[in-house]
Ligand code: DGI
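A single chain, nothing else alongside it, follows as structure tokens in the form predicted alone.
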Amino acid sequence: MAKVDIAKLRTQIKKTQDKKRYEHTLGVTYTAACLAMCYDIDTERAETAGLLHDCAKCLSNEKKISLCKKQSIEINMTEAKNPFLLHAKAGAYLAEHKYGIRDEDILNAVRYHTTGRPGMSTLEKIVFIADYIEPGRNHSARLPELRKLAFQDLDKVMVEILGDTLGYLKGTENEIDPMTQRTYEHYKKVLDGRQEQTKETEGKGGQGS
């Protein structure tokens, strides 16, 4: 990846966001960097993705829709009814074409930070999780538990966050993006497979003792 001037990027992003959004952005950036250290991922790439994850958040819904249509970015039915959800896709476009990011992993981390997707990279998971658990968040009584789990097992905390998100959305009138549901089902299968493998390994160990 070409060297990114983090200080310059931070200044650029600050100019596009209100105070509350910028504080959240910094929280995600620093949390992503900490998780990157924990999971042996380049911290500069994590910081870059964290700074850019909401770079389109403060655009009006009309501008998000206009940008996506102009650039032939797909808008699904859920996004058409809830245009604020388009900030992730619009953000990935801006990250590449306004801020000069060519690293596809960073672009995907921005693109999928709200819904996730099956088969995410470690960096994508880190940004998705950091967006949910950063220090300024207070939306869930489970946050202390999830923050600890994030530094122990990325797949497990993905399942917990996605499960909580789906549970919340089902209890409101908000629509569920199909990708969120698919992501949850994917990582649930991943965890179930790991558990089955552990049982088989333990069973073989017991037979040999």
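Residues carry their position along the shown sequence, with the first being 1. Keep in mind that this is a model prediction, so the values were computed, not measured.
Keep in mind that the form predicted in complex with the named molecule is missing from the display, and what follows is about it.
The closest heavy atom approach of Arg21 to the named molecule in the predicted bound form falls within 4.5 Å.
Interface residue remark: Leu143 is not counted as part of the site for the named molecule in the predicted bound form, having no heavy atom within 4.5 Å. None of the heavy atoms of Lys125 is located within 4.5 Å of the named molecule in the predicted bound form.
At a distance threshold of 4.5 angstroms between non-hydrogen atoms, Thr183 is out of contact with the named molecule in the predicted bound form.
Proximity to the named molecule in the predicted bound form, defined as a heavy atom within 4.5 Å, holds among Cys58, Leu67, Met37, Ile176 only for Ile176. Candidate site formed by Gln12, Gln17 and Lys89: none of these residues places a non-hydrogen atom within 4.5 angstroms of the named molecule in the predicted bound form. Contact with the named molecule in the predicted bound form, judged as any non-hydrogen atom within 4.5 angstroms, is confined among 39-47, 161-169, 58-66, 145-153 to 161-169. With contact defined as any non-hydrogen atom lying within 4.5 angstroms of the named molecule in the predicted bound form, the contacting residues in 93-116 are His113, Thr114, given in sequence order.
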